[in-house]
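Same protein, same chain, two forms; see structure 1 and structure 2 below, as structure tokens.
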Structure 1
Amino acid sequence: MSKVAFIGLGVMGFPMAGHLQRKGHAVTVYNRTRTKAQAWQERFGGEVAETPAAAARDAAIVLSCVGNDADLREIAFGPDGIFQSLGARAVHIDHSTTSAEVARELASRAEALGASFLDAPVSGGQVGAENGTLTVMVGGDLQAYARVESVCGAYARSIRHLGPSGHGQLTKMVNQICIAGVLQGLSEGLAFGMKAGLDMQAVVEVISKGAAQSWQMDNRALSMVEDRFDFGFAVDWMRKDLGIVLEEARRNGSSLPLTALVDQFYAELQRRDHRRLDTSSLIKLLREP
């Protein structure tokens, strides 16, 4: 099995790195908050490194899952960053959701070292990470992808190479555009049904068997009706993702009127101090005065 480094043990990275260790890979982890890395080690075994560079040293595959472009640049290019020790022929796979621009930047820097970089954002949320059923969208060198595809299978149900560097992130942007629209439509439909006095459990059971069905309906509709939002992907993170989407749309000339509108709805949730609620909390704006 491969010697693997994993940088970033948030709600996604913690279980993803755990799946790799359980599959028999020799995993060394790094997390900015060391107590989180120690908790991971106590649960899964493996090794804890003091810096990203120390974790990446001699690793055939380096994986990362952090917050944004700035975080990724810090762990990659900082004085103790991955690229200080990334070996020739090593592959850095980044599972963060970032801009396509930073993905291309890292790919170019990796190539100069004789290594490879793959932008590989994921979809499926915390539950998908914990259950090992994530969808992974990959951009970058096809030969590098072929070398690491089976490793990513430790925590993914679906892995797809989608083109050159940046195309994984661009595909994730499409994913987030679609989710934003679906969640707003679901929020409005559920709020309407509740105002009409319908039995919403029965309504959801019926319409989820037809053309209105979606992952969001299957997994979030009833909790939205019950006003439960203490799980899943937080408003703050969706707002960050939609900011990346809208910036890319300005760059490539796309018109995204609904996405821009939903982005402002999420901004209102932030203003109301709902920053850490699940993204399905859009419905609160239709139920609260």
Structure 2
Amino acid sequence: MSKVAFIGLGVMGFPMAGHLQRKGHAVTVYNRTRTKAQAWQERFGGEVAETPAAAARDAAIVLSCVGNDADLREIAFGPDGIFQSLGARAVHIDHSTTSAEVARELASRAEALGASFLDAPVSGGQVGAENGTLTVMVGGDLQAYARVESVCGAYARSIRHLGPSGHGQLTKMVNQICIAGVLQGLSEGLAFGMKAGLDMQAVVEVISKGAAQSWQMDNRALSMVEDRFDFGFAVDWMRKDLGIVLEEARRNGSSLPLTALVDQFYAELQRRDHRRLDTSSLIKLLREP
């Protein structure tokens, strides 16, 4: 198979790039902290590059998964960035959660080179990345999408093209807004029930059969009651995502009263040094002094 590059070996990128190599792609990786790239190579094989530009050179497909807008700009537009070597006809597909604005900017710069950029944030978390069961929400050129769809299949269960550049990111934002509401409602319901002395396991069994049901209730309610918050997607990351959401809402004129409130609750969790707990830890604010 032709060369693919993978930039950013965090908790998501590390296993995603591994799945690609295992599926037979010739993967060249780059990571800011070089030791992690070496650990990846020891485990999966493949090649390690010294810079994003070196990784992207001669690659038909360049994948990336980094932290935020600034990180993406750096690996793309920096002096040793992807866009220094991105080939005409190459596709850069980015799995980071970023603003729609930076996605459109990269798409426009890629187009000027004769290449393509796709914004393709994922959901499913660390477990989804490890098991290869992520959901990928893609925005950008449809022909470029057709060329990468099967490649993403190495680590995704569901891949969907949702519209022009930015629409992958905007879909992810809708996802995060919905999760914020579900989690705060669930937190208040559970904390209230505990205060009332209810048998919360029985309560959850009953109400999860009806109109109050949610994925979060099915998968997190009991661990929330037990004060366990070790499911990976951390408060710090959610705070970053909600920052992007609220900035976009300011731009497009959406009113998000609940999302803004929940963002503030996550800020309080950060202040209490609960940055690494998972997003269901909202309930802590309703129970701790």
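Since we're looking at a predicted model, the values are computed, not measured. All residue numbers here follow the sequence of structure 1, with the first residue given the number 1. Note that the rigid core is defined as the largest set of C-alphas that superpose within 1.5 Å between two forms.
Enquirer: Specify the structure that is the form predicted on its own; exactly one of the two qualifies.
Expert: If we ask which form is the one predicted on its own, the answer is structure 1.
Enquirer: My question is whether residue 178 is one of the residues whose C-alpha shifts by 2 Å or more between structures 1 and 2, given a fit on the rigid core.
Expert: The answer is no; the displacement is under 2 Å.
Enquirer: Would you tell me if residue 196 moves between structures 1 and 2 by 2 Å or more at its C-alpha, with the rigid core held superposed?
Expert: Yes, residue 196 moves 2 Å or more.
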